[in-house]
Structures are given as structure tokens and as C-alpha cells.
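Only one chain comes next, encoded as C-alpha cells, the form predicted on its own.
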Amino acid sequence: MQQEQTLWGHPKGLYILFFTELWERFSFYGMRAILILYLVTKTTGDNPGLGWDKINALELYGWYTMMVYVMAVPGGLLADRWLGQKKTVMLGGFLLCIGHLILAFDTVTAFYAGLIFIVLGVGGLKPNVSSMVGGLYKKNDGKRETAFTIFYIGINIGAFTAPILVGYLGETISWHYGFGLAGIGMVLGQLVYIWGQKYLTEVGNFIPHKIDAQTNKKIPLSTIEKDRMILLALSFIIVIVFWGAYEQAGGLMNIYAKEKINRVLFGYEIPASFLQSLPALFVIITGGPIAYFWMKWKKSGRESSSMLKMGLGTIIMGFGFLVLVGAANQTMVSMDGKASLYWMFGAYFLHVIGELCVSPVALSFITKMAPLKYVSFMMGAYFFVTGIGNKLAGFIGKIAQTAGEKTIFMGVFIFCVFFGLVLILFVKKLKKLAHGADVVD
């Protein structure tokens, strides 16, 4: 554990990882904010897109967002078995720089090649940079959860600024200028990571699997470790449901905002991509208060396990879709067929409250529960199921094109509430699999 060089009570390595992930997420969310819009924009006009129909665009969006997370599994295995987390993050960063900068070129070949490099790069970087944050702290260090909150805020600073800057450049000037700006952000993140290696000397290194001296075989997992792995696998079911709903933001909700939301505010029409920055802004604003709330909740002697938080978060996020049902109702009665912008504000706010009860909690949960030799693999598995959730999101968006947005919004609300309640009802039985390790997040 690298505890010697600290800043504001945390290892300096945390802030290197903070800024590395900030710029990586700037590039990712900036590109995501304009991807679906670029695909569906007509080939004619001053800023032409690819002119795809919405169904095909949402299908590609679903495959792309799934694969960037699915590749976290081989990325985790690469770190656990051969390179270690630190070197795998470095490799992933270089691939991301190449991918984002290729997208700046206005050719179909460059478009597909760029997506492939980004998928490979995120697979190497995403699971391992999160694992390295956990590796900076001892298993029972109370600062671990605070560190993940700080780390998560860094993610969302990048996610907040990117849709505004990249979105403006992409929508109003040139899509490929927007992609290029996202690439510049990734280059900055890679430079920070390279410069900060001196603060990461004791974390993220390759750890060989332990060998039994008598049998010359790898030491198997203990019963407790196996139970905890089962618990992690069960928690991944709710992760799929959560991200399948939450990731409507970049697909269905993005198109919905462009076509059916009155985006005029103070006499200025806000680009649809700007709304992609709202969730990150809400995370930055509410992250601290929510962490404080859970701390006070635990001190009052109430149940505050990770599984309970994930169940509540899924339910709260589901209510965001009930707000969107209200928006759909307004489009049916308004003169211009559009709903107020404030519906989107309300939906995204509830989505973020739910997100803060699920995502940073799950990241910390994995680093506590997974055996040390499998931390990167299990982090990769978490992002794998996140990818499945993203693919589910694209599938749901496709269905909405025929079933109607209101039907989909109501259906997602019902599913989220149902799965969240199931998790809460069985939380005490699930906690037994943790064998006392499930401390508050």
C-alpha cells in the first residue's frame, strides 16, 4: 500500500488516477454525446452526418457501448495474468489516444477503425484504473470509500464538461472537430498518467498466483472467498438492469431530447448533446451530500449495506422514467408536440441519485470482496455486465421506435422498481455470503 506520500490525507497516486480517469471520461463522454447524433444526421447540409435511420443507429450504439465494457474482461485477465494493472492501463491509454484521434478524419474507414481502437483501449484501462484506486488502501481502511467518491467526482467532471465542449464543436461546427477534441482530452490524460508513475510505484504491479510448495499447484480459493465471488456474481444481475435503464441517456433519451423536447431556455435553443452533461453536473453537486447521508444513516444504527444501497438506487433511478412518462403525456397535448425541458432535468436528477447509490458503491464493493489475485478480473466482469446493460439499453431504444416512448418509459420504471425491491427483500440472506466483509460504502 502506497501511503507514504499523501495529499489531503490520501496517497498522491489517487490524484494521478483521478486526473487520468477525468480526461479518459472526457474523451469517452464527449464522443458518446455526439455519436448517435452524428449517425442520424442527414448527409446533406453544412455539417453532414452518416444519414442512418434511428433503428440502425441505435443498434450500432448498443453494440459499441456494450463492447467497450465487455472488453474489460480480457483487459482484467491481461493485468492479472501477465502485465499487471499499471502496464495494462498504459497500453489501454495509448490505444484510446489512437482511436479518438482517428475519428477526427472524415472517412467511413476511419470511423470504424476509431471505434475498434476505443473499444480495445477502454477494455485495458477501465477495469484496471479502478482496481488501482482500491490498491492504494488496506482492506479495512475507512478512507477507501471516500477515495472512490473523490475518484467518481473526477469521472463526472470529465463527463460534465465533455458534452458541452465536444457537443458544441461537433453539432455546430463539425462532427469531426468534436471527435478530435475528445482525442486531445485523452492525450492529456495519458500524459498525466505517464508523469505520475513516480507516485504509483507500489500499486498496480503484477502479482503472480500463489503456488503450494508441496503440490506445486496454485492455491485454490477458500470457502469464504468462493462465497464472496458468488455474491459478486449475484450483484451483477442488478447491475445489468440498472445500466440497461440508465444508458438510455446516450441513445433513446438523446434522440428524444432532440426531437420532442422544447430546448429553448432564455431565448437560446440548447443543443441536444448539452443535456448529456446534466447527470455529471448533478453527481458533482450531490455526491458529497449523499456520501454524508449514508455516513449519518450508518451512525444511527440502520441497515446500510452495499446491496441495500444498490436496490434503493435502482428504484430511485426507475422513478426518473416515471417523470419521462409525464413528458410523453405533455407531448400529446402541447401545440407543438413537444414537452418542457424541465422534465429532462427531473429525470436526470433522479437517475443520478440512483447512480450514486449503485456505481461508486459497486466499485468499492468489488475491491473489498474479490480475492486479491482476481480483483482486475472481477472488475472486468463488472464492466462486462455493464456492457450487457448497455446492449440492453440499445435494444430497448430500438423497441421504442415501434412501441412508443411512453410505453417504454413506463415499462422501464416498473422493471427497475421490481428488481430493486427484490434485492432489498433478500439483502439479509445475501449478506451472509459476505462473511462480515460488507462494511458501509
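This is a predicted model, so every value here is computed, not measured. Residue numbers here begin at 1 and follow the sequence given.
Just so you know, the form predicted in complex with a small molecule exists too; it's not on screen, but the next bit is about it.
**Q** Among Phe377, Tyr38, Tyr64, Tyr29, which has at least one heavy atom within 4.5 Å of the small molecule in the predicted complex?
**A** Checking each option against the small molecule in the predicted complex, the one that comes within 4.5 Å is Tyr29.
**Q** Identify, from the list Tyr152, Phe282, Phe160, Tyr256, the residue with a heavy atom within 4.5 Å of the small molecule in the predicted complex.
**A** Spelling it out, the residue with a heavy atom inside the cut-off is Tyr152.
**Q** Can Tyr69 be called a contact residue for the small molecule in the predicted complex at 4.5 Å between heavy atoms?
**A** Heavy-atom contact with the small molecule at 4.5 Å: present for Tyr69.
**Q** Using the partner position in the predicted complex, report whether Phe365 sits within 4.5 Å of the small molecule, counting heavy atoms only.
**A** No, Phe365 stays farther than 4.5 Å from the small molecule in the predicted complex.
**Q** Report yes if any heavy atom of Trp243 sits within 4.5 Å of a heavy atom of the small molecule in the predicted complex; otherwise report no.
**A** Contact check for Trp243: yes, within 4.5 Å of the small molecule in the predicted complex.
**Q** Test of understanding: in the predicted complex, would Lys126 fall inside 4.5 Å of the small molecule by heavy atoms?
**A** Within the cut-off, so yes.
**Q** I need the one stretch from 43-51, 404-412, 56-64, 379-387 whose residues put non-hydrogen atoms within 4.5 angstroms of the small molecule in the predicted complex.
**A** Going through the listed ranges, the match is 379-387.
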